[in-house]
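Here's a solo chain for you in structure tokens, the form predicted on its own.
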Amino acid sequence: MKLYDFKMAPNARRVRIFTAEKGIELETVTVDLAAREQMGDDFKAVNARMAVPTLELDDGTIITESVAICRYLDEIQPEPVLFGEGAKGKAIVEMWHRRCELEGQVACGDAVRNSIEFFKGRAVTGPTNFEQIPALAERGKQRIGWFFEMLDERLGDSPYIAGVDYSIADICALVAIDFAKAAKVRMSEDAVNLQRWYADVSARPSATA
């Protein structure tokens, strides 16, 4: 299998952390998003959406979208469990994972891509160009602040976001928090539960994958 990757891309990092937790080694191909390599014909032939991560299976099948890739890898390597166990456990992990995506990752994307000069004319990932909307950047920053408050409250009741075990929800939240730094939004020092959790998950070897 081959993973098309870029170190600074948050969604690609989600897959790298997931594979590191699973102990899966993948051949990687760097697609330099800073140099707009994703817009070149060579990569468009692999993924017409011009985005990383992209997983190419040995039979040539292409899987895009970070969670879809993680789902595939989870099927071929079930342990350790990162999507929850049993009907209730899986639903709770998915609930919190989705919240972290919508309230965290998406908010960060709005804040970063609508404010940084590099993304001028490219405010949305994909084959279609969109202009930046400054109001979306400001709303995104406000939403990130609310996201941090939500996590701090949740983590006052639970060691990890979806419960007693580390899961894909923690991966998503970690990546979102680090992504928020690009929008100059950081956790409050008063968010003691969030700070405790962040130190814990950042110390895992997978966090540097």
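It should be emphasised that the depicted structure is a prediction, and the values quoted were computed from it without experimental measurement. Numbering starts at 1 and follows the sequence shown.
The same protein also exists as the form predicted in complex with another copy of the chain; that form is not shown, yet it is the one meant from here on.
In plain terms, the part of the chain that comes close to another copy of the chain in the model of the complex, with a heavy atom within 4.5 Å, is 54 to 62 out of 177 to 185, 158 to 166, 29 to 37, 54 to 62. Every residue of the trio K90, E103 and R139 has some heavy atom no more than 4.5 Å from another copy of the chain in the model of the complex. Although the partner is absent here, E79 sits far enough away that none of its heavy atoms falls within 4.5 Å of another copy of the chain in the model of the complex. Although the partner is absent here, E131 lies within 4.5 Å of another copy of the chain in the model of the complex, judged by heavy atoms. Taking the partner from the other structure, another copy of the chain in the model of the complex has no heavy atom within 4.5 Å of any heavy atom of R154. Another copy of the chain in the model of the complex is approached by E75, whose closest heavy atom lies within 4.5 angstroms of it.
Applying a 4.5 Å heavy atom cutoff to another copy of the chain in the model of the complex picks out N114, A123, V124, T128, F130 from 113 to 130, in order along the sequence.
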